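Given as structure tokens, the chain that follows is alone and in the form predicted on its own.
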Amino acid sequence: METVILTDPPKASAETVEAFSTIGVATIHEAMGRTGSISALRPIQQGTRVAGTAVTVMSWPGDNLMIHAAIEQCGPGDILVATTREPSSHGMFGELFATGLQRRGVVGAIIDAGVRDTQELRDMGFPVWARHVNVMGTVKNTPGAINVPIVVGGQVIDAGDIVIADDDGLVVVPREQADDALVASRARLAKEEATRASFLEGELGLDRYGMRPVLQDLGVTYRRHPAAEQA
């Protein structure tokens, strides 16, 4: 692994990021052809959705030196995304890191390892998604890399990509695909709104989605319950 800090990476536009912040992770994932999702990391809070441009961090297990270095590279609208060279459950992120990031306008953190100070993080309103909660701390001895491509939950994340996170999990929108993904996500929203309206009027999903022939083709039959026949 090259030990490097890349500065000033290209980022998706702030307008595009803001537009994604109003759309749910599940909708974006579906709109992109059911790609980009990360479900292995969970929020430490509820009722929060954020979208930001990724500042990526590759750290050594049990070592958070590179998160300290990454804070300097973070700015308004960014979201810190940190992982480790090998799996780690150490609590490598907490309230003091969040204080520094919040001061710089960072909207949240994604930690593919452990976090701690979760109550303090919730109290200060700094959203975090993580794989573990663990009080075990870290050292600050081992070099890593910042703003290089990393893999989190099976998804490649590069600096400047858009990460959207809510109660359902996360989804990654590659920077180069952001405009197309936004168009598709808005179209998916419109489709969902039309479906919602039809369900409110009493239409069944079986009919709206044309699934009755599917049931028939699969050999599913209807018949009255025996108890109803005896009534």
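Just so it is clear, the structure is predicted and the values come from calculations on it, not from any experiment. Don't overthink the numbering: it's just position in the shown sequence, from 1. Definition used throughout: the rigid core is the maximal C-alpha set that superposes within 1.5 Å between two forms.
What comes next is about the form predicted together with another copy of the chain, which is not displayed.
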| item | value |
| --- | --- |
| In the predicted complex, G62 touching another copy of the chain (heavy atom, 4.5 Å) | yes |
| Non-hydrogen atom contact R186 with another copy of the chain in the predicted complex at 4.5 angstroms | no |
| Non-hydrogen atom contact V128 with another copy of the chain in the predicted complex at 4.5 angstroms | no |
| In the predicted complex, L215 touching another copy of the chain (heavy atom, 4.5 Å) | yes |
| Any residue of 190 to 216 that, in the predicted complex, places a heavy atom within 4.5 Å of another copy of the chain | E192, T195, R196, F199, L200, E201, G202, L204, G205, L206, Y209, M211, R212, V214, L215 |
| Core-aligned C-alpha movement of E15 between this form and the one not shown reaching 2 Å | no |
